[in-house]
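What follows is a single chain, given as structure tokens, in the form predicted alone.
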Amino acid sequence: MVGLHDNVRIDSKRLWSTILHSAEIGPGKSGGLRRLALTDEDRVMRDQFVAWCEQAGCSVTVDRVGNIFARRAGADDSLPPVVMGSHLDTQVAGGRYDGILGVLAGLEVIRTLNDQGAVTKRPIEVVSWTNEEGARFAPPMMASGAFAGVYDVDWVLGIKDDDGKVFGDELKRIGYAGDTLVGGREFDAYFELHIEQGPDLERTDVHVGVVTGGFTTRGMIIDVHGETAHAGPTPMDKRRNATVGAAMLIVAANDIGWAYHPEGRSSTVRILCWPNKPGILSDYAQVTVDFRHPETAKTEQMVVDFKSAMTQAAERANVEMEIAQTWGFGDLNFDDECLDLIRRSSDHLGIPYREMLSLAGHDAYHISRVSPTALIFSPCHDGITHNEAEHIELDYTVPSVNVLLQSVLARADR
């Protein structure tokens, strides 16, 4: 097949050793990882990734929001690069592979090309996007969003975590506040490999997912304002308990998810309230929700339904509610040429593939706004993810990495 290579395969043992070394940095309580963005553990992992990339002969640059780019030069290094990547940060109780596989598979592609002495026409880069998870600094996919122009760079640098620590300050503290401009340069294409975070590939014994698009997702943070009062003597008709209002929102969001079941999804992932003490009603609460559906119009209707529920909940709880922050992703289709290249690479290697949509958010969503982009899925045991029990096996992971290798190599040589 024109543009594809018969004798180029990754070193699977080297890839697995690299992944296992990553799994030692920021270990969680139960065998997974707790490597939140811009923590000391994140710094150690970044340092290791940079060291590996430099050992592989790459030049490394870091932009103002901490995105790390490792570049393998091409024969015509003035051409836009073919880029692979994902993220190295994890959830609070995360797995060893979510995002990490995509970055370290990209590194393995470069190592394999070095082993082969291959010189590609175009440069090839591996990127580790900062704070994809959004577990410490919200929203998720923040730094890839800044690269794509979705978020203002200074706004990102000013975001605070729950302890009041500022994103930009934490970047400086760990030594990854780069001086390269964020975005504003061309990619020839972007390929992201990620674990499926669902059970379908494993269930059907298919090792490659060709992701054609995503579930349209809309998220929001709602502030609820009430009034402190004594939990005992205050009459029911005088209470303005923000926690009660927040609870009504949580139930409403869940009911909306069921109303659009089975395709629809709704989640309440976080609730805060203050003072959050016995004996006193809360005067402030905050709820984080999101809604997902494969049809954009239905996701938007779920949001309309929720806003109506907000009005009713505020009246019932005698509180005020306002939407403090919104975000969205997933209403996209990935690049036809890149997707076709993944299909051809899979066929060339004799690897069955399955076309599918992604229900989770990925940096690829934002990058698709500024570059031809494709997303590849690899199996994940039982679909368990954002959980320390997240698990993959080398034998069913290697096929997707070889598809990535073939696709990137063919694209870089065209």
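From a predicted model like this one, the values you see are computed outputs, not experimental measurements. Numbers for residues come from their place in the sequence shown, where the first is 1.
Not on display, but discussed next: the form predicted together with a further copy of the same chain.
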With a cut-off of 4.5 Å between heavy atoms, is residue 343 one of the residues that contacts a further copy of the same chain in the predicted bound form? no
Any non-hydrogen atom of residue 91 within 4.5 angstroms of a further copy of the same chain in the predicted bound form: yes
Considering non-hydrogen atoms and a 4.5 Å limit, does a further copy of the same chain approach residue 275 in the predicted bound form? yes
Within a 4.5 Å heavy atom cut-off, is residue 371 in contact with a further copy of the same chain in the predicted bound form? no
Can you check 254-262, 167-175, 145-153, 332-340 and let me know which stretch has heavy atoms within 4.5 Å of a further copy of the same chain in the predicted bound form? 254-262
Identify, from the list 204, 296, 180, 234, the residue with a heavy atom within 4.5 Å of a further copy of the same chain in the predicted bound form. 234
May I ask you to choose, among 227, 115, 77, 320, the residue with a heavy atom within 4.5 Å of a further copy of the same chain in the predicted bound form? 227
a further copy of the same chain in the predicted bound form - contacting residues of 354-388, heavy atom within 4.5 Å: 359, 360, 385, 386, 387
